[in-house]
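First comes one chain, alone, set out as structure tokens in the form predicted alone.
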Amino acid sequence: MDPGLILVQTFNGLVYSSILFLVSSGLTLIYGIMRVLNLAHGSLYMVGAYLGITVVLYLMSGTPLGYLLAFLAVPPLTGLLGAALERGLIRRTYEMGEEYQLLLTFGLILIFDDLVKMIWGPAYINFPDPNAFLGGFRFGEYKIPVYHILLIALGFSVFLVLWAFFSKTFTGKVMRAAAQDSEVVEAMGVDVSKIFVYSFFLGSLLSGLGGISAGPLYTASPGMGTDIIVYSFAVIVIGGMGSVPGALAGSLIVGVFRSLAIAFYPQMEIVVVFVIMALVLLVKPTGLFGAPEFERR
């Protein structure tokens, strides 16, 4: 085996891990606080990519300023869209069984896919290459783009921001408390319905950030949210439902092993992820950082 190839593929795995963490951390936040498995979370990732291509390519003609504007504007827009979905649709299913939430969010996937085709068309749309102005570094016969380095830094930076938010801020602590027992938090005078909106906003913002980050690497295409949501569910199962550190650990495991499998045995790209998931569940059914479920009052 070529050591250089192993190192480069590990680096590529870290790039994918960063994107996967952005999406799966939002998914695990929504589940951890609200116990809602949002299948449409990947659709917001797709919307983030398409809004990004609109800003970068159509509004700013592929300039560096266009990328900066897209990274600043697109995530809050997808966050607002997620909050609107929670208030307008998903909130109505809280008193129903989980199957209604799954059916609703699955239906949203189909709606978003068709809306994307109606607005942007069914063809793949390529982003302007950010490395045309960012450049890259040579590593032997391999080139490491600066954009990839920035994506890895973005993933770890978001993790640190989330850790600080949930451990140091009042709003973050209230959201953690609501995840433990929403009825007690509500009895203390906190409007839990607003906490749910905040959770959906933050989770959807992270998914949109993942979409705009991944767009220049994988292009924008209808249905692109399906693949990422499958891997994101594997991540949160491996790392532990509702755990942000678990989402980081799971993303690193899935991203690196998937990248190495693509390089050395492509047929195992998907299989290796679910083999790891099965092994983790055999050893620790709650995931690496997950806590046992308890019955809420």
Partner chain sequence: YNLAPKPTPEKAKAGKLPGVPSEPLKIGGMWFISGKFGTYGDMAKKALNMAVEEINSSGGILGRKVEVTLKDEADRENVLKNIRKMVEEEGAEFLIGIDSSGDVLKLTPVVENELHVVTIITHAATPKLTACNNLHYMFRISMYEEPIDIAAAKLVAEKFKDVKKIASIGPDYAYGYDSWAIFSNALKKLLPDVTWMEPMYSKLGTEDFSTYIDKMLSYGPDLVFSSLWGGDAATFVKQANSKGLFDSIKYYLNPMLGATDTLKAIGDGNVPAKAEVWGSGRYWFLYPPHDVYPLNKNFVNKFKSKYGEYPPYVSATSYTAIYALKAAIEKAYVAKGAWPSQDDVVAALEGLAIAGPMGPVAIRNEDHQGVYSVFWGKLKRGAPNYPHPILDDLQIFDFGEVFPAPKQTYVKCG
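Residue numbers count along the first chain shown, from 1. For the two forms, the rigid core is made up of the largest set of C-alpha atoms that agree within 1.5 Å on superposition. From a predicted model like this one, the values you see are computed outputs, not experimental measurements.
The following text describes the form predicted in complex with its partner chain, which does not appear among the structures shown.
- In the predicted bound form, its partner chain sits within 4.5 Å of a heavy atom belonging to G215.
- Although the partner is absent here, G79 is not a contact residue: none of its heavy atoms lies within 4.5 angstroms of its partner chain in the predicted bound form.
- Interface membership of R87, defined by any non-hydrogen atom within 4.5 Å of its partner chain in the predicted bound form, is ruled out.
- The closest non-hydrogen atom of A153 lies beyond 4.5 Å of its partner chain in the predicted bound form.
- Only one of 124-132, 71-79, 199-207, 154-162 lies within 4.5 Å of its partner chain in the predicted bound form by heavy atoms, and it is 124-132.
- Shown without its partner, the chain has K117 as the single residue in segment 82-117 with a non-hydrogen atom within 4.5 angstroms of its partner chain in the predicted bound form.
- A movement of the C-alpha atom of Y265 reaching 2 angstroms or beyond is seen between the shown form and the other one when the two forms are aligned on their rigid core.
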